[in-house]
Ligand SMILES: NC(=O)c1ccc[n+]([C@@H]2O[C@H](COP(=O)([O-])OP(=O)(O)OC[C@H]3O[C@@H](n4cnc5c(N)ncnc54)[C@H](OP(=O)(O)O)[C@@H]3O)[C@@H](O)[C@H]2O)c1
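This document starts with one chain, in the form predicted on its own, laid out as structure tokens.
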Amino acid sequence: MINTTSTATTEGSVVAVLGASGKTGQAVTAALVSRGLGVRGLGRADLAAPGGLRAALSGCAALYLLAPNMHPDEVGYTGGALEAASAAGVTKVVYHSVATPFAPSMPHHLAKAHSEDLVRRSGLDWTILQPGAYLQNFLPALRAEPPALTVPYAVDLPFGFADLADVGAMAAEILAAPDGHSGATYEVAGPALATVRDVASAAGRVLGREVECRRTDAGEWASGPGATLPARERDWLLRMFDHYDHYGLPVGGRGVRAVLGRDPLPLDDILRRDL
């Protein structure tokens, strides 16, 4: 949880970041600050405070709307945030969705598809970001000793891995721009599709040592790392792994160029920077 704070000095120039304490919210906040925008980071404490989110959004011109990961009712959460934003006088919203939102086999993706519909019908000046799976999710395993990637889905199917830094930079560019992004939906991913094995190979080149890559059984994951999760979240993740095991998650990378005017970095460059 975080408290409501602001780095802006001019009322109306503040951008609210809902979900600012997580890794995505931190990346968006850092990118906004680097652009000289005022930021008001909002978390659970702000939603529970007197007046709730509407009061917390008072004086903000724009909102980066990010629901908690695996939220049990993202549609209700998003709808409530949009209503609060409209009532508080917020005019611009960037909604953090996901690549391939309309995927009925993945409940948390499907919730974002329905939430996107609410955003599009909100009456606000909206833009939607659809990032692929974060490449940074692999960093803890690559920093371990020995470095290795073990995942409960196929390691040779295509993904469009997103760079968290690009998500933050794109959000800041859209929120800073006076116009040009209204009604747009942008996918966020790297310059080319890649497999988990490709990530391990790139990490091996960066680290100068072999990085093992293997697929583990989903049941093994469920009785191991997944055993500590609530049953609903574990089930949703197992359904996501099953989808990945059949289809991967291909995502195009042209959205980065459309917003930032440059190509996304290749795997080796991102891993060299982050490792």
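Quick caveat: nothing in here was measured; it's all calculated off a predicted structure. In this text, residue numbers run from 1 along the sequence as written.
Not pictured, yet referred to below: the form predicted in complex with the named molecule.
- The stretch in contact with the named molecule in the model of the complex, judged by heavy atoms within 4.5 Å, is 65-73, chosen from 218-226, 30-38, 65-73, 51-59.
- Contact annotation: of the candidates Leu82, Ala133, Ala202, Met106, the single residue with a non-hydrogen atom within 4.5 angstroms of the named molecule in the model of the complex is Ala133.
- Only one of the listed residues (Val256, Val14, Leu267, Ala20) places a non-hydrogen atom within 4.5 angstroms of the named molecule in the model of the complex, and that residue is Ala20.
- Heavy atoms of Ser97 reach within 4.5 Å of the named molecule in the model of the complex, making it an interface residue.
- Contact annotation for Ser182: none of its heavy atoms lies within 4.5 Å of the named molecule in the model of the complex.
- At the 4.5 Å threshold, heavy atoms of Arg44 reach the named molecule in the model of the complex.
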